[in-house]
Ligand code: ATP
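Below sits a lone chain in C-alpha cells, taken as the form predicted alone.
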C-alpha cells in the first residue's frame, strides 16, 4: 500500500504559465510531489525553489519526457498556453504513456474536443468557465456558483423569506423548487450539514444543489 501511495501522490505539470504555476503551487501546498516542466529556462528558474523538481524540456520530445520519468507518473496536467500544436502533441504523448489521469487546459471548445480525442481525461477551460461563473453572479442574487456536468450546479445564496422561521422539512424547498439544501451557515459560525430539522433564520447562507436552471430560480427568490 505504501508503494502505491508514493506513486500516486505526485504529479507532473507541463507548462508553467499563470494557470500551470498556480496548479503546481497548490499541489505543493497539498504536500504532493511535483515535477514542473517548461521550455522556458527563466520560467523554470522562477519555480525551481518552490516545487519538488523543475526541468527545462521540450514536452513534444518523447525521449526528453522519458528521461524525466514522466511515463511513470499517475497524474499529469498539460497547461501549455497559446501553442496549440505543442498542447495537442504533448497530450497525445502522455496518452501513449497510458498515464491514468491526464488533465489539459483548453483554449476553446474545439481545442478541448481535440485534447479529449488524443488522450486527455479531463479538459479545463479556465477563461470560459470563469466567464460563465461571473455572468451568473453579476446578473443574480447568488453569492457563488459552480456548474458541473449534466447541467448540475451548486449555488451559495441567502435564505429566501418563505423558509425563514421554519425547518427545512417544514419549508419543503425540495418539493417546491426541485433543489436540495446541502449546507447552511449562520453569522459568526461555520457551514454545517443541513437536515430536515435544520431551522432557517433570516440572513442564513444556504448551499443549494440541483439542476442549474432550478438553482438559479431558487437564488432569485426574495
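Keep in mind it's a predicted model, so treat the numbers as computed, not measured. Numbering follows the first chain given and starts at 1.
Heads up, the form predicted together with the named molecule isn't pictured, but that's what we're talking about next.
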Query - Contact label in the model of the complex: residue 81 to the named molecule, heavy atom within 4.5 Å - result: yes
Query raised in the report: At the 4.5 Å heavy atom threshold, is residue 142 in contact with the named molecule in the model of the complex?
Result: no
Requested in this report: Answer for residue 24 alone: is it within 4.5 Å of the named molecule in the model of the complex, judged on heavy atom distances?
Outcome: no
Query raised in the report: Does the 4.5 Å heavy atom contact test between residue 162 and the named molecule in the model of the complex come out positive?
Result: no
Query - Of 195, 52, 67, 40, the one that lies within 4.5 Å of the named molecule in the model of the complex (heavy atoms) - result: 40
Query raised in the report: Of the residues 114, 99, 86, 123, which one places a heavy atom within 4.5 Å of the named molecule in the model of the complex?
Result: 86
Query raised in the report: Of the listed stretches (27-35, 59-67, 170-178, 152-160), which one has a non-hydrogen atom within 4.5 Å of the named molecule in the model of the complex?
Result: 59-67
Requested in this report: Sequence order please: the residues of 86-114 with a heavy atom within 4.5 Å of the named molecule in the model of the complex.
Outcome: 86, 105, 107
